Structure formats: C-alpha cells, structure tokens
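Shown next as structure tokens: one chain only, the form predicted on its own.
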C-alpha cells in the first residue's frame, strides 16, 4: 500500500514538472510570435505564418527573415544558453549567487571585445572583420573559465576556491577594461559601451545556428550526466559515496559552462543576470532533478530574454533600448532578494 502511494506521488511530481515545462514552452512560442509581430511595421500573426512558410520579396518577408527572425531566435537561444550555464554553475559551486556574470566570465569577454575595438588586436589571424569582436570575446571568456579552473586545480576544486577565484578575475578584467576605456577615442568608447550594454541588433541566422548547435550538444551531454550532477546537491561526501568523481565532474561541467557562456556573449555582448534569475525561477517550480531542471532553465532563460527583447523595442518608441540594461534592472532586485533571504531559505 505504501509502495503504491509512493508511486502515485512520484507520478504526480513528474506530471507537475512536465506541466511547468510545457507552460514555459508555450510562453516561449507566444513571446516569439510577439517578437516577430512588434516593431515599427506591425505584422499580423497570420501574415507571419504565411511569410515563414512561403517565399517572397515583399516588405513583410524582408522584415521577418532579415531582421526579426534572427532577433527572435537569438533571444531564445542566448537566453537558454545563459540560463543553462547559470544553473550548472550554481550546482557545481553549490552557490545560489553564482553565474557567468557574477564570476567574471562576462568581464573577460568584455575585455576581449575592447581589445578589438580600441587596439585592433585580433586573437586569431585572418578573421573577417565582422567576426573579430565576437571571436575575441569568445576566446577571452573561455580563457577566463580556464583561469578559474587553474586556480581551482592549484587550491583544490572546492566551491569556495572557484567562487573567490572568479570574483578576483572579475575585478582584474574590469580594471583592465576601464584602463582601455580611459585611452579610447570618443567614437570607439561609444561602440564599446554599446557592446557592454548587450544588444541583439547584430543577430543573424548564421549566428543563431552556431548558438543552437553548441546549446544542443552541451545540453545533451549534461542530460547524460544529470543524475551525477543532481547528486552534487547532496554534498561532496554523499556524492562520492554514490560513486561520483566530484572533481572530474566539476571540471567537465565548467568546460561546458565556458562554451555556453562564451558563445552566447560573443555575439550579443554582455547580458547580465539571466543566468542568475532563470535557474532560480525554474528550480522553484520544477525542483532539483536535473533531468527536468536542465530543460526548464533553458526555456525559462528563453522566456526572460524574449520578454526583455520585446520590452527593448517598445520602451522607447522608434528606438531599440539596450537589452542588457533591461535584464539588469530585473536581475538586481532579484539578486538583492536572494542576499536578504539568506542561503538556507534560497536552497
């Protein structure tokens, strides 16, 4: 009798988790349609479906395929990548305030972009001018993650070591970025600041495909290790007793996080707090099971950034407001809420 009750409770829990995931998916679809519809030229839902299905050279076809579809896809995919990166960083570090933004990975990407803007430095030679800034940002974001890993390897892969190392690296890159900004010309400084604010205006279908491929591969690899990652929430000692190599798992997950963050940031600039807010929203509704939480965090991140993308188009009529400012305005109060509530109440 008790066994039957436990089975029923488990099925009810799974149904509840799938229900919330379905709601997130519906929200993603609705917000994506709104992103395709809203703009200087209003396009109806029926016309959107007709334009997506059929070929044409009319105004609606050009607006949707050349501008709004890349914008919409990048909002979903970058939000999903940042949400997943934040989830796994919080899990492996056992820190509810951890994210790529708070641990300096975004600052490293910003410094790499500033090197391209101000000094014209190319990290990789023979790169088309269109991709110099994204590739510089990608390389420095990835190097930041590797530097955090190096600090962890020297001092042992404890959550405290990785968090403190990330904070130190964040301050270092912020100082170097400020130094470059000090010597930059007015025009170059404006370009850097706009990139640091975060923007989807340079989105393209090719860039969206790159983010999608990386997100799909990393999410699949993380799903294969979902029970091991879930075991980390029990603590290192219990996870080791279950046969989990916690140090190796942290290294692997940190590499995946660095790929997600680097690819997401390099194309759209620094978009803060999505990686902090999305995992907590998903966790409160879905729970700690990574099999469901991975999907929930991806969808929740897509919802947040898609909503931010819509807001950026309507907040100032006739202009596009930097989306990074909008996500920060949402994330800072949430961040303070987490700090005030305290660690035990958060987790």
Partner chain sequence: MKSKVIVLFFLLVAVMLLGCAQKPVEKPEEAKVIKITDLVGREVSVKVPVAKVVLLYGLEDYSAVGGKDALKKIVGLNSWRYKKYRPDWWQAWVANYPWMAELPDVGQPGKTFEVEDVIKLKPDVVIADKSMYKYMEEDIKRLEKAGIPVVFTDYFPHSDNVTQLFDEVNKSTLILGKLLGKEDRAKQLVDFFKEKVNKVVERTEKVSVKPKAVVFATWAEWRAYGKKGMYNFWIEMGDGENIAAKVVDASSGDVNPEFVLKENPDVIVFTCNNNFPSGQRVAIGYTVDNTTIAKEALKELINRPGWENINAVKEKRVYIIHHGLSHGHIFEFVCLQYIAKWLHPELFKDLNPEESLKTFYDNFIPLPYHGVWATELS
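In this text, all values refer to a predicted model and were calculated from it rather than measured experimentally. Positions refer to the first chain, counted from 1.
We do not show the form predicted in complex with the partner chain, though everything after this point is about it.
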{"property": "4.5 Å heavy atom contact, residue 247 to the partner chain in the predicted complex", "result": "no"}
{"property": "4.5 Å heavy atom contact, residue 30 to the partner chain in the predicted complex", "result": "no"}
{"property": "is_contact(residue 117, the partner chain) in the predicted complex, heavy atom dist at most 4.5 Å", "result": "yes"}
{"property": "The partner chain contact in the predicted complex: residue 220, any heavy atom under 4.5 Å", "result": "no"}
{"property": "Proximity to the partner chain in the predicted complex (heavy atom, within 4.5 Å), stretch among 208-216, 141-149, 72-80, 182-190", "result": "182-190"}
{"property": "Any residue of 37-52 that, in the predicted complex, places a heavy atom within 4.5 Å of the partner chain", "result": "38, 39, 40, 41"}
